[in-house]
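Heads up, the chain below is alone and in the form predicted on its own; it's given as C-alpha cells.
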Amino acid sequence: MSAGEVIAIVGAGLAGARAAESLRGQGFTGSIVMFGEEPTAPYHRPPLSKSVLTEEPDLATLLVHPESWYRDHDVELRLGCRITGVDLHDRCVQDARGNRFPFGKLILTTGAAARGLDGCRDDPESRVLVLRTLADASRLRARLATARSVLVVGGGFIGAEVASGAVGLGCSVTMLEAAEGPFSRSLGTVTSKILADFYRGLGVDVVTSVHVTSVRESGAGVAVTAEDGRRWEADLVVAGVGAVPADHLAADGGLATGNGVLVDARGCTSVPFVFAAGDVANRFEPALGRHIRPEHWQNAQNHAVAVARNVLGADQPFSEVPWFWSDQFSVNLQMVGSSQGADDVVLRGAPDDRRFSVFYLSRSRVVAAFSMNNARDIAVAKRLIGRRTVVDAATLAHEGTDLKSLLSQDGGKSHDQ
C-alpha cells in the first residue's frame, strides 16, 4: 500500500485498537482513521461484568491504549461518531450527520450488540437492563447498589457473572434459563448440571426451561412472566441472553453476511478491499473446516492483529483454537475449543472440590475442554486439540495421568487416517 492511502477502521473496541496497533507495527505510514460510537477510547470489556459492577473503575486501567497513544501513532480517533453507511463504489463511509470519509481499504470491527428482552427501554430510569458497554455497566452498578432482588434472564457467562456480582452485594438472585440448564447448549448436560448445582449451593435460585413472554415494569419493580404462566417479581431484571453481530453496515453496503460479516481465513470479505475482525466477523477456521464467530477477548485481539497484516498484503490464514475465561463466585472458569460434534464427555476431578475439568471428545480426539480452577488442564487441552491427538477416555479421566504424556501417546496418529 502507498504511504498516501487511507485505512478506515469502523468500530473503536479492542479489535479496532489492535488492528490500528498492528498496522503501525507492520510499518504502514499512511493515514488511519478509526470511528467509534461511544465517547470513550477503546477499552477492555471483560471487567464490565466483573469488578466494574461492584466498584467505580479507574478508566485508565480499562483502556486498551491511553488516548495519547493514538496521537503519538498518528491514528485519527473519531469518537462519538456513528457511521451509518458504507459506499463501496466510491470507497467512503458516511456518518449520521452526512459527512463522508474516503478510504482505500476498510476494516470493520463493529463488534456485537446485547440482545434485549421485550420490555427493555432505552431509558436511564428503566429497571430492565442489558450489559455490553461501559455506560451499561455504570447504570447496572448504580441499580445493584440499591436492589434487594435481581432476576437474571439467561444462564450464560454474562448472566452468571452478573449473578455473582449481585450475590456479592447481598442481593437475592434468581436465574431464569430457557434451556435445560445453564450453558447446556455450549457445554452439554454434564457440565450444565455441575454448574447449576454450584450456583444453587451459593444461593442462586436457578430455574430452567423458562421461556419469557412478558416483562413489565411498575413502580414496585419488574414482573417477568413465562410462557407456561409462571411469574417472578424483582427490583431489577438483567438480560443476559446473548449478543447479535453488528453487521448491518456490511449487509446494507452489499457485503456477504450470515451470523456476522462472512470472511475467509485472511479476514477478507466478499469485496477484496474490505476486511472484518473480532466479534462481528464470521470467520473461516481452517482447523475446524467451517466458519465460526467467537465472541471472546482473545479472538477479538488476535484476529484483529492478523487481519491488519493481511490488509497490508501478508496473505496469511489465521487459525486459532477458541479460548475464553470467566471469573465468578471466586472461581476461575475456562473453556477451549468447540464442543460441537462431540460424541463423548470425560470428567476429570471432583466438582465438589471446585477443581475439575471436562473434556469433549470426537472419535477419541479432544475437541474441547472446560475447567474450574484448573488452568493447567486447559493449557494441555489446547495442544491436544491442535494436534488432534487420539486419547483413551479412561486414561484421560484418571487424575494420576500426566496429561502432557498424552501429547505423544498415539505414535503419530494425530491426524485423520
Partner chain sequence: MSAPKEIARCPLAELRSGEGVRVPSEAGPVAVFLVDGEVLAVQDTCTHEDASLADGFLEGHVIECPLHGGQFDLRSGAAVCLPAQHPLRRFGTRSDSEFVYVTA
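Positions refer to the first chain, counted from 1. Keep in mind that this is a model prediction, so the values were computed, not measured.
Not pictured, yet referred to below: the form predicted in complex with the partner chain.
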property: Site check E21, Q301 and V305: each within 4.5 Å of the partner chain in the predicted bound form by heavy atom; result: yes
property: Option touching the partner chain, based on a heavy atom within 4.5 Å in the predicted bound form, out of W232, W325, F101, F284; result: W325
property: Listed residue that, although the partner chain is not shown, lies within 4.5 Å of it in the predicted bound form (heavy atoms), from R354, R388, K382, R348; result: K382
property: Heavy atom of A60 within 4.5 Å of the partner chain in the predicted bound form; result: no
property: S184 within 4.5 Å of the partner chain in the predicted bound form, heavy atoms; result: no
property: In the predicted bound form, R376 touching the partner chain (heavy atom, 4.5 Å); result: yes
property: Residue contact check: K404 to the partner chain in the predicted bound form, 4.5 Å heavy atom; result: yes
property: Among 89-97, 157-165, 329-337, 276-284, the region lying within 4.5 Å of the partner chain in the predicted bound form by heavy atom distance; result: 329-337
